[in-house]
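The chain that follows stands alone, in the form predicted on its own, written as structure tokens.
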């Protein structure tokens, strides 16, 4: 690991030293893995689910009895591409020069994949040219079955799992569920950023995966835990940050993991040894300025009524009563039906999200920097 790097990570994983909290979720996921339970990890976008998976997997990396494989299928468009991603992840997980690795690589080669190499990372990439969907179905089954027969336990984390609903092969859900329920030595963690689609897959009684997994819900990191983490991480790199500065950051980002990490990463890069509240407030303004062109592009993608509704949701921070006369009149949003259509459109575009997993459900702008920019544009005050 490089000696001087920014300790506030916005992507990737560099070890537990730079990972904040998630003690309960980590313990629960480890328990599920050890006790052969398949898991669905529910989390809103950019709350740190991928980092959590890598954090959990790190504890098993040196194990000779559990092999962990992470697969992101967001970029896949069909069953063929899913199969290629799956085979590539398996191929890269097991070194060919070791006993089980050689057996697995030899087994994959029997399926006659084309092997190429990524131009940037140099990592092998596998692809199959099989012609018919049925052949890809059989290949997936063969891959799972072979892993299931090994002495080492395999755990797959399949990220952006809701992507299978976009495949032209409409039987993908049922197919995977059929294969997975037959496995005894292979377990899965399913997660995705589209919570509506993920809940539809796993919590609808009409779907194949209904009641097939244990659920883990990823919530916001506790305020005190994040305060300690931010303070100590700056201290680790010989920086001192004031208490009110840390409080400002966590309030401004609403403790949302990605935006909190991004803010601290940005602040760390300024190379200020003694960080005061004024420094943090200036950094917040600079972040908005740097992203302003993106926000104007968002404006051009929305109708006037959608944009006005987005501004209204941002102003409320958390919108509990979207159809109340008070809210509609306050922001001159027209009729209740117009608000309904606007909310549906903003939800579909993932400009806002609806948190139904709390006692009082609410709407909120997804991008916390966009939320603060919208608030800033409507007020002479920044906070």
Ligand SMILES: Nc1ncnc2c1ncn2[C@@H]1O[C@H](COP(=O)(O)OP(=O)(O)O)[C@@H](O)[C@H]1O
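Positions refer to the first chain, counted from 1. Remember, it's a predicted structure, so these values are computed and weren't measured experimentally.
What follows is about the form predicted together with the named molecule, which we do not show.
Asker: Which among 328-336, 315-323, 38-46, 341-349 is in contact with the named molecule in the predicted bound form, heavy atoms within 4.5 angstroms?
Answerer: Of the options, only 38-46 has residues within 4.5 Å of the partner.
Asker: Taking the named molecule as it sits in the predicted bound form, is residue 372 in contact with it (heavy atom to heavy atom, 4.5 Å or less)?
Answerer: Residue 372 lies outside the contact set for the named molecule.
Asker: Tell me, yes or no, whether residue 255 is in contact with the named molecule in the predicted bound form, where a contact means a heavy atom of each within 4.5 Å.
Answerer: No.
Asker: Given that the partner is absent here, does residue 360 sit within 4.5 Å of the named molecule in the predicted bound form, heavy atoms only?
Answerer: It does not: once the named molecule is placed as it appears in the predicted bound form, residue 360 has no heavy atom within 4.5 Å of it.
Asker: Is the gap between residue 186 and the named molecule in the predicted bound form 4.5 Å or less for some heavy atom pair?
Answerer: So residue 186 does not count as contacting the named molecule.
Asker: Let me know the one among 261, 154, 83, 162 whose heavy atoms come within 4.5 Å of the named molecule in the predicted bound form, would you?
Answerer: By the 4.5 Å heavy-atom cutoff, the listed residue in contact is 261.
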